[in-house]
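First, one chain by itself in structure tokens, the form predicted on its own.
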Amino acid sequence: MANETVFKRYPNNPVVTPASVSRANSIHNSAIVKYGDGYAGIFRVDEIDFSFKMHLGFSTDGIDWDIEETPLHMTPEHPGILPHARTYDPRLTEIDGTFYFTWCHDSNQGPCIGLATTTDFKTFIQREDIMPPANRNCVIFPRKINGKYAIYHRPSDRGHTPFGDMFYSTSPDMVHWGTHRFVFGTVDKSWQSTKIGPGPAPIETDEGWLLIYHGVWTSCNGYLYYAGGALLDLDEPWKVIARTRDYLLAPSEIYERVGDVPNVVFPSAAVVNGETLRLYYGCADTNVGMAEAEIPELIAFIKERSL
């Protein structure tokens, strides 16, 4: 297939289509983790009235999915935490048996980052928003860094931000966030020249934190979304060790080129099976695709093709 470097697409992509949910206009940009003897996922489902909902899904192999018809329900931990009418782009991280998931939701002040927790993918507790508006992407590290919870996030604005750099922040309690450190930004005249943002939760390796991220280029015909990779310091994750000059995946297949938003590869979930990294990504804001890479080869690629 075109432009494949270390990631090889699943030959029967896409693995999830709108046919999985009866009211779906599209299913994309979703969060998937290992759970029990299989996989669990929180799927972004844009419905036929253009409401944006999140639905639970389960799979034994991570390829064939059973996605629930009813949207995911959350119970607020405080009466002042209101339900969100328009929710999208969830991410999932497990820390010590608790699954934390973040998502983006709309407000009058711009996009915000929501937070909820579950231990069984049955009961979900909605917690205070992690960041005030405007913020578009947020992923939680799978362990504490120097005794604190940590995230990568991407400040935004009220619209479909024509800019974007990534920041690192920490919290003692998942409520109060500070230590905001710049991580990296755009690269002029490249596939990541307009904006960048974190994809799946960082993966800990001997070489550093492995992060798959998205980069955007503005062509004469609009935005194009790509997947890139970076290695960051284990103890000081705002410090970049290496970052790809070349993209890892680009929109080239028909299901990535054609859809509600053409020309989009949007990495949103990564599952590690031994030395294999399975990447799930949104395709043209319509379907979910999957690709796999061997982690040693991926790390070598990032280091050898670094900026």
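Residue numbers here begin at 1 and follow the sequence given. This is a predicted model, so every value here is computed, not measured.
One more form of this protein should be noted, the form predicted in complex with another copy of the chain, which is absent from this view; the next part is about it.
Chemist: In the predicted complex, which of 180-188, 89-97, 229-237, 138-146 comes within 4.5 Å of another copy of the chain (heavy atoms)?
Modeler: Stretch 180-188 is the one.
Chemist: Mark residue 155 yes when one of its heavy atoms lies within 4.5 Å of a heavy atom of another copy of the chain in the predicted complex, and no otherwise.
Modeler: Result yes; residue 155 sits at the interface with another copy of the chain in the predicted complex.
Chemist: Examine residue 34 and determine whether its closest non-hydrogen atom to another copy of the chain in the predicted complex is within 4.5 angstroms.
Modeler: Answer no; every heavy atom of residue 34 is more than 4.5 Å from another copy of the chain in the predicted complex.
Chemist: Hey, in the predicted complex, does residue 102 get a heavy atom within 4.5 angstroms of another copy of the chain?
Modeler: The answer is no: residue 102 has no heavy atom within 4.5 Å of another copy of the chain.
Chemist: Is there any non-hydrogen atom of residue 222 lying within 4.5 Å of another copy of the chain in the predicted complex?
Modeler: Answer yes; at least one heavy atom of residue 222 falls within 4.5 Å of another copy of the chain in the predicted complex.
Chemist: Note which of 63, 261, 271, 67 lies within 4.5 Å of another copy of the chain in the predicted complex, where distance is taken over heavy atoms; exactly one does.
Modeler: Comparing distances to another copy of the chain in the predicted complex, the residue within 4.5 Å is 261.
Chemist: Quick check on this chain: which one of 293, 24, 290, 299 has a heavy atom within 4.5 Å of another copy of the chain in the predicted complex?
Modeler: Comparing distances to another copy of the chain in the predicted complex, the residue within 4.5 Å is 24.
Chemist: Going through 142-173, which residues have a heavy atom within 4.5 Å of another copy of the chain in the predicted complex? Please give them in sequence order.
Modeler: The stretch touches the partner through 148, 153, 155, 156, 157, 158, 160, 163, 165, 167, 170, 171, 172.
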